[in-house]
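The chain below stands alone, shown as structure tokens; this is the form predicted on its own.
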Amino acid sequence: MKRLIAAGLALLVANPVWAADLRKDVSDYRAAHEAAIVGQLDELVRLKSVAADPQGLTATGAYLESQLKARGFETASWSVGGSAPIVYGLLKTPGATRTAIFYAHYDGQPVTRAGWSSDPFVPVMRDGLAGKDLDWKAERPPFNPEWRLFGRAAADDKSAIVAFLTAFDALKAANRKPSVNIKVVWEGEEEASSAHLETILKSHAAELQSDVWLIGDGPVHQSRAPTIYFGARGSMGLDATIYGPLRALHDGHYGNWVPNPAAMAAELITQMRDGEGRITIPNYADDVRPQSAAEQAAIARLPPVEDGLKKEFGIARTEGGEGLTASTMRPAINIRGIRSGQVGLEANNAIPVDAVLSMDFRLVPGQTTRRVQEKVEAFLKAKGWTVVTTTPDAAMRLANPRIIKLAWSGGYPALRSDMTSPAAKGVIAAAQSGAGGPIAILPMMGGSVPINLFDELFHVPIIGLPIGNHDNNQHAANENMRLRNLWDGINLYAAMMAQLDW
């Protein structure tokens, strides 16, 4: 009997008429409440939830907990050692046999005012990425879906939170009950390396039992199609200082004789990666887990976006020779900054005293941060470098011809969940239903999110529900959220709440 009931539920979820009715109900609700939805995102962005403002983080956590309580959720606020609170919510659904945890983070990246066209915490609506400012409160809905709301964390991840709340409201207004028990985990330290997340999750492991984690972070595929992803690359940072003379020296008198640290830095980069972005450190990829047939097929089905992106970015070529997603499935060493000497009007004819390379390493499944560090350091030593972790003194400088100081930072491994599991199939079906057509399915997002922790602690599928526009400028000045993406996100979350089952 239980199998018959389960089969009936699966047919109900898959029923295209029922799914179309749900999309219509949700879309109608959104159309009738566009001003209120944008208003809530505007209100949330105004809360300064950044690491430099602990009071802002606490206030944002309290605001979000109140939003869940108002919707009938059991709630709690979890903190340790003065950390930003994790907001937890629970809503049980009578008869539901599955539980889904919806995760997002409410903190934003640090803000440097330079580069922003407006105050990062006073949201501004514009009619495009480089458009004119609009008084959206004076406009009558429906709003142009190409409008964008600018502000810190507008896309990363406050829009995901607003999409979740709005989707829940739309279901309630349509008298549709969820198909799953719903749990919410909204974190306030993700942009600060989630320093307390593991401790808090372990302390509340009983409350966090579920069948799937749904991650509301990241941008959609560059085709703008509604997207889900099954993992993310890992990440670790490295700042490397290369030492030259004790003082800057006239390059006419001493050039070609005193080693130039800027030139040594450039040489080292070309030894670590080639012109196609492929890592040339021996045995670096030995630990990499091969892609499955399902993952390769998913990549092949993605709509092509490369020509449009080349035009958008103003580039004539790409690295690697394969498509964008295939490129981001590989490990990467990205040079995020080089500093040595001076340029432009401040340039002088001198050999600089040092050069600093700032790199980030993107990891793929199979790699660990420990093994990556070991391989990089072994490579450097094989090339004749003396590796140190503190500034060398005069005696060390005289005794070692090539000295490099390494400062590793952060770090977590990659994750790719099984795309063929029953939970994965259920999420794909619900996402397609919410979109009313094909979606982009990514085996792994190119960016990095520390979702491996959820896998290590709870051993259930981890699947991403990104809704941000690909050009949202997250982590940078003028972060923004395109309204069409927010509307699509509401449909996606409503489908996960009302149609997810397996």
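Numbers for residues come from their place in the sequence shown, where the first is 1. Everything numeric in this text was worked out from a predicted model, so none of it was measured.
Absent from the display: the form predicted together with a further copy of the same chain. The rest refers to it.
- Shown without its partner, this chain lists E189, E295, D251, D211 as candidates; in the predicted complex, only D251 has a non-hydrogen atom within 4.5 angstroms of a further copy of the same chain.
- The contact residue chosen from K383, K92, K425, R336 relative to a further copy of the same chain in the predicted complex is R336, the criterion being a non-hydrogen atom within 4.5 angstroms.
- Picking from 194-202, 427-435, 344-352, 373-381 the stretch near a further copy of the same chain in the predicted complex, with a 4.5 Å limit on heavy atoms, gives 344-352.
- Contact annotation for P304: none of its heavy atoms lies within 4.5 Å of a further copy of the same chain in the predicted complex.
- With a 4.5 Å cutoff on heavy atoms, I315 counts as touching a further copy of the same chain in the predicted complex.
- Of the heavy atoms in N256, some are within 4.5 Å of a further copy of the same chain in the predicted complex.
- Looking at D455, you'd find every heavy atom of it more than 4.5 angstroms from a further copy of the same chain in the predicted complex.
- Taken together, the three residues I37, L149 and A160 lack any non-hydrogen atom within 4.5 angstroms of a further copy of the same chain in the predicted complex.
- Counting a residue when any of its non-hydrogen atoms is within 4.5 Å of a further copy of the same chain in the predicted complex, there are no hits in 180-216.
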